[in-house]
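Below, in structure tokens: the form predicted on its own, a single chain.
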Amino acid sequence: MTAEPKSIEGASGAAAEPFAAYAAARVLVTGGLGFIGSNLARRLAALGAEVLVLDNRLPGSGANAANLAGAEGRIAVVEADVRCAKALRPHLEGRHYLFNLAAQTSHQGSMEEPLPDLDINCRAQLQLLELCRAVNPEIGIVFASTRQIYGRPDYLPVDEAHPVRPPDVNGIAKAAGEAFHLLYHRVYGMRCTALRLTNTYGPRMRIKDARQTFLGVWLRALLEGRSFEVWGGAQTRDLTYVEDAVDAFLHAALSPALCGRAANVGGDGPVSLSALAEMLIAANGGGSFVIRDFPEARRRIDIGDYCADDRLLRRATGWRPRTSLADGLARSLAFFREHLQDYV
């Protein structure tokens, strides 16, 4: 039987605000200097949570001190690695929620350096769960999984019943990390949930290269007055604006119905990459792109078309994406136009 989330002193579950339970909650965000983690940490702090961010600032990751600019007094930051049990253990004690976003995110990078990807996305996740079981088994955990674990879809939209068939090392390691979280719910009753994220975009994403998202490279090129490349162009994707992804994490941690389950997170609906490029140029008020063939190394691990069926998440929590793609692109451009030097 799934345990109800622990009540937090001073929070009212009957409050109209759906996230009132986070007021005065003690929360840990791993990977919290990264793109999604930092946006999540900032929102939690605004909700009144006591937020601790843990990040190893690994070169090539999305960690960026600028992501928490202006929030230093409300968010504590510890430089530590989830691969180091000794460094991690004391920060788990007494925490009500753990949002587990520490990861190696580059798909191509996982093929070039598979063992570090395995170590971060798989072994470290099992170690983290063992530490939680030892020092804080009541903690509510939400793991950042990925739609990459499905591989090339057999049907669209892709629901959670779709076969898991990862196309790269990153997908295999993330699938294992997710499976460990769900196993610890089944066997030990721990409150673990996984969210299978699609392409997430928005303020604070990594734009200096394509290790995190292709869209960031496009956006940077536009702001620097350069043309950008679209590989293929006909493939469809759905994209989640980062604030909508943050909402999904906040809802998931409070949902008993999602304990022990993995749920898809979608966006505003499918769009082809060429249409997305046109929308980005329109939001920017100008720019250009060229269509290129997929590089062979990338083609081998590309998943083709993808669109998430996220009805499970919607039914369980009432979540839905609130940001249109056009609005999200405009907000992203506005943010990076003002803060470009912090991200290149």
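Don't overthink the numbering: it's just position in the shown sequence, from 1. Keep in mind the model is a prediction, meaning the values are calculated, not measured.
One more form of this protein, predicted in complex with a further copy of the same chain, exists but is not displayed; see below.
This chain lacks the partner; the member of Tyr150, Tyr184, Tyr97, Tyr201 within 4.5 angstroms of a further copy of the same chain in the predicted complex by a non-hydrogen atom is Tyr184. A heavy atom within 4.5 Å of a further copy of the same chain in the predicted complex is found for one listed residue only; from Arg26, Arg300, Arg311, Arg292, this is Arg300.
Remark: none of the three candidate residues (Ala210, Leu280 and Ala282) comes within 4.5 Å of a further copy of the same chain in the predicted complex, counting heavy atoms only. Remark: of stretches 227-235, 250-258, 86-94, 118-126, the one touching a further copy of the same chain in the predicted complex is 118-126 (heavy atom within 4.5 Å). For Phe180, a non-hydrogen atom is located within 4.5 Å of a further copy of the same chain in the predicted complex, even though that partner is not displayed. Heavy atoms of Leu239 never reach within 4.5 Å of a further copy of the same chain in the predicted complex, leaving it off the interface. Residue contact with a further copy of the same chain in the predicted complex: Ile172 places a heavy atom within 4.5 Å of it. The closest non-hydrogen atom of Pro137 lies beyond 4.5 Å of a further copy of the same chain in the predicted complex. In the predicted complex, a further copy of the same chain lies within 4.5 angstroms of a heavy atom of only one residue of 78-113, namely Met111.
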